[in-house]
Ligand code: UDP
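We begin with a single chain expressed as structure tokens, specifically the form predicted on its own.
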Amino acid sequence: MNSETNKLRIAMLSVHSCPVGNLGAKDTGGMSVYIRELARELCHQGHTVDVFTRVHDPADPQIIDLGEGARLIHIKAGQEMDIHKLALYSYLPDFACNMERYRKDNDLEYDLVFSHYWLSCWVGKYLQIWWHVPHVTMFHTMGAIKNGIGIGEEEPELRIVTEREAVQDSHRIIASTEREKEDIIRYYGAIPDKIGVVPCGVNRELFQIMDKQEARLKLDLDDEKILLFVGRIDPLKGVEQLLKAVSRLKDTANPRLIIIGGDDDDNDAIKRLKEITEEMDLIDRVAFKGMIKHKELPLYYNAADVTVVPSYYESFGLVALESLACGIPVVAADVGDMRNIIRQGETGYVLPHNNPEGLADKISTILSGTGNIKAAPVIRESIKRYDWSNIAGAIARELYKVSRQQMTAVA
């Protein structure tokens, strides 16, 4: 760390998921948005950030400008194609070695490693030893929690062991919620003082209030009640529960549901959801839009009347932030940090569970205008504290903390 300017040189790791990949794909979700936006804002505040990810395609340029001076650097590890996350584990040593070779060839030095997700944590563990720098880690989701919920694919023991080792080996852990901090302590025996809590952020320049009719016109949508779901097509996201809730609204609000997310890897899951849609006689009320570019999402949020987050599990809840930044209320299960993001009865509703009855009831309340939901500007103002400038500043303070501790230990 430059002691005169207090500016950090950060090597950020996102081994399995490319931060500029297609959002809504199987392995590209909120974490990719988080890494990209955080890297940009940290650079805007004067730090140096290089984000390292694996080459997924031979056509990938080695270096991509993320904006504000942040760089995305592709490193070879295994075949230059999409590889299942578990299969990627065997190529992690190659990634670490090729990354170290790139660093030496380009005469680069970093003050710390900031890894994201369990696969990156494994690489970060070795870089901290080779470079003699602190290692800060962030899980985003945890295998032990997913297995505890028992919905979707079971996470392998390899992941659980790697996450537990990362908790012990890392110099500091970043959790996005107090709930996540408690889970890291409960499942992996972390020392509480080792964990810093910093929420995720939202790009309020991109996600802004627009004229609803204009947004609908651009999307070729009719003047009807619209519900919106944004996310990966994964059983943990609770889309089936949302479809059941929409079915309960057929005789009242009869809204249209727009589902954004999913790629070719999700064909079976999407096929199953479409079958459920047909069974519930909702075929004309549900639209599967697939993947949408991140910069186009504000149009969909602004065209909607309500955004719904029916998940069984979220590490934070970035979709809710994006929707609220556009002035659109949110109905969500009590996952992630929803209870702090959403002001109950004013900017939306947080439900104890994602049961269809509860979802339908609160969606209906908002659509009918019988509640006390505030106007769009008030909804937007409610999440002002989550602006990336504030979040990046808080992350930088966490990184300073471990960097100073390292300097003191060396001295």
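One rule holds for the numbers: they count along the sequence shown, beginning at 1. Given the structure is predicted, the values throughout are model-derived calculations rather than measurements.
FYI, the form predicted together with the named molecule isn't displayed, but the following is about it.
Novice: Could you tell me which of 165-173, 288-296, 118-126, 105-113 sits within 4.5 Å of the named molecule in the model of the complex, going by non-hydrogen atoms?
Specialist: Stretch 288-296 is the one.
Novice: Among the candidate residues M138, V335, V230, I341, which is the single one with a non-hydrogen atom no more than 4.5 Å from the named molecule in the model of the complex?
Specialist: Partner contact (heavy atom, 4.5 Å) among the options: V230.
Novice: Of the options I185, A303, I209, I260, which one has a non-hydrogen atom that comes within 4.5 Å of the named molecule in the model of the complex?
Specialist: Residue within 4.5 Å of the partner: I260.
Novice: Using heavy atoms only and a 4.5 Å cut-off, decide whether all three of H47, P134 and L399 touch the named molecule in the model of the complex.
Specialist: Spot residues vs the named molecule: no contact at all.
Novice: In the model of the complex, does E314 have a heavy atom within 4.5 Å of the named molecule?
Specialist: Yes.
Novice: Would E180 count as a contact of the named molecule in the model of the complex, using a 4.5 angstroms cut-off between non-hydrogen atoms?
Specialist: No, E180 stays farther than 4.5 Å from the named molecule in the model of the complex.
Novice: Looking in the model of the complex, any heavy atom of L367 within 4.5 Å of the named molecule?
Specialist: Close contact is absent here: in the model of the complex, L367 is far from the named molecule, nothing within 4.5 Å, heavy atoms only.
Novice: With a cut-off of 4.5 Å between heavy atoms, is V319 one of the residues that contacts the named molecule in the model of the complex?
Specialist: Taking the distances in the model of the complex, the answer for V319 is yes, it comes within 4.5 Å of the named molecule.
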